[in-house]
Structures are given as C-alpha cells and as structure tokens.
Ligand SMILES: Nc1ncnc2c1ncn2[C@@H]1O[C@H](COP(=O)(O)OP(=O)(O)OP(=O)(O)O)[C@@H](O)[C@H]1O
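Single chain ahead, by itself, as structure tokens, in the form predicted alone.
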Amino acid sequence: MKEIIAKNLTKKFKKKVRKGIFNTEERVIHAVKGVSFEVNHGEIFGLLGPNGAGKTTTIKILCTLLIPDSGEAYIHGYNVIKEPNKVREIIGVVLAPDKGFYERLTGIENLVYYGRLYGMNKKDAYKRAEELVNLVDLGKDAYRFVEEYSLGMKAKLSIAKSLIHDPSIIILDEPTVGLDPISSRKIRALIHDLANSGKTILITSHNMWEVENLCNRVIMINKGEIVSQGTPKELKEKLNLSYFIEIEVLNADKISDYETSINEKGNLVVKIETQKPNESLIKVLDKLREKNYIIGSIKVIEPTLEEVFARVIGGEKGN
C-alpha cells in the first residue's frame, strides 16, 4: 500500500530583499518545483538535500502545515488539503527536536499533556507515556524538568511525543541534527525498530551516511527539484562510481603489476580501483595465486552516498 503520495507539489514564497540603502524589492522563491514520490507501507524513505533544498517545505505540506500552490498529496489515502484533520490523526511529526515542550513540566508530564489533547483519559495517557519513555530510553530523565534536558534528551522526547497516539506514519525532519554520536546512534536504532514494528517513516536529512544506513529508498532534492531517486545502491550504480579493493599478500615485499602499500601489520596490500568489483576481484586473485602468493584479508570499499550527492548536486547527471 502507498502510505504517502506526493504529486507535482509546488510552493513559492515571496521574500523582500534589500536593494541599496533605502530600497527593497520583492523576490519569488521557488521552494518546491513539481516534487512527486510515493512511500510504501513499512518503508523508511529519505529526502536528502543541502540546506534550503526544499525538504522541510515538502514535509510541512505533507503535515498539513502548508498548502501547496499546486499539486496533490495523500497520507494513507487522505487528501492533505481537503482532509487535514484525518491526516493529523494518523501521523506523528518531529519538525524541531528542541521545540514544542513546556519547560517547567517533566518529560513524562509533557507526554501526558499531549496524550490528553488526543482524547486519552489521564490514566491511559500516563500509561502510554511510561511505555514511550522506556521505548526511547529516557529512563529517569523522564521525571526531570524539560528545562534541564540536553538536546539529545529533547530529541528522544520529541519522538516519544510524536508516538503518543500510536500513529501509523511518522515524519521526521532532521531527527539527529545537533546530536552527539551516541545519541544519534540510539535515535537511528529507534527508527529501525519503529519500521520493523510496521510504522512507515519519512525522514529528511543532509547527512548522507545516516540516510544510506537508514533508508530503503531515497530522493535527492536540490533547489526545489528532485535530481535523483532510487535505493542507495541504485543511486550509486547509476553514476558508475568506483569501488576500491584491497588485498593483503602475506609472502611478498613487492609486486610491480599493481599499486601497493604496507598495512599496519607490515604486510603488502594490493590496491585496485574498479567499477566491476566482483569481476576484478576474481581476476586479480587468480593472477596472484598463479604466482603462489598467499592471500590474507580482502577488503572491498563501496562508493558512498556522499559521493553520489557530490556528483548529482554538483551538476552531473544522476536521474
């Protein structure tokens, strides 16, 4: 089932720009230009792009916070423009992990408050809040005032808040921005767990490594337009990016046929750059074994989504 559908979404903003000392002029910013994509049930889908690419504007349209100038969008079959209340009932949203809390309430009190807003009685809201603070690993911090929270704690609490009404679709805008590595890792693990439990998740990020390790499929947005899309593997294959193979040789000091280096163990390492890793690896191994070289470790280094991003956003073809 297609849980999220975006069809030719466009959105413009008017912005006043200073021109000279006393004058200003009005400019039209094309934030989103004909963006279309679909997200399947249970999928982690990523919107990747630089700052100002149109990711957050797209997200806000899907969350019913902005009305597009043209195009359509559906969440679980509901039209985001015509049926916004239906959409809000089934989505959980994190737009800014450090916003939307009452600082003088504890974390769990904040969750109970939002549970009551969704129609829960106090007992059920508190029970749900306790479940969620355990899920996001807040522990005893859930009973501290939010004004004492670090950004990482607030990020966990914001995800808990988005889950208070058990939504089937979760939309996360830069869920790990500003977090330390340990907190980021815990948030990524939580996102994986939510998807495995059947939730559909849409995230935005400019962190290529994060998207590559989280998402089933990705679209890259630049200047309001989709410039490439597919699985992380497909995006890399479209650009014919190079793989790097490193083969450790245990009984040689020098091999003139290949580029080599010495590893930390003091052994020779043969290095190969190729776009056909399987074929090249077999060919090189056969040649080395013909000369009675003893093979140690073998490492195949894949191209990264960061390389794809640099190529595509840099203007090269990647559609």
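Remember, it's a predicted structure, so these values are computed and weren't measured experimentally. Position 1 is the first residue in the sequence shown; the rest follow in order.
A second form of this protein, the form predicted in complex with the ligand, is not displayed here; the remarks below concern that form.
The chain is drawn here without the ligand; in the predicted bound form, the stretch among 259-267, 24-32, 37-45, 285-293 whose residues come within 4.5 Å of it by any heavy atom is 24-32. Among residues of the shown chain, Ala53 is one whose heavy atoms approach the ligand to within 4.5 Å in the predicted bound form. In the predicted bound form, the ligand sits beyond 4.5 Å of every heavy atom of Lys238. In the predicted bound form, the ligand sits beyond 4.5 Å of every heavy atom of Glu210. The ligand is not drawn, but in the predicted bound form it has a heavy atom within 4.5 Å of Lys15. His206 is the sole member of Arg188, His206, Arg128, His76 with a non-hydrogen atom within 4.5 Å of the ligand in the predicted bound form.
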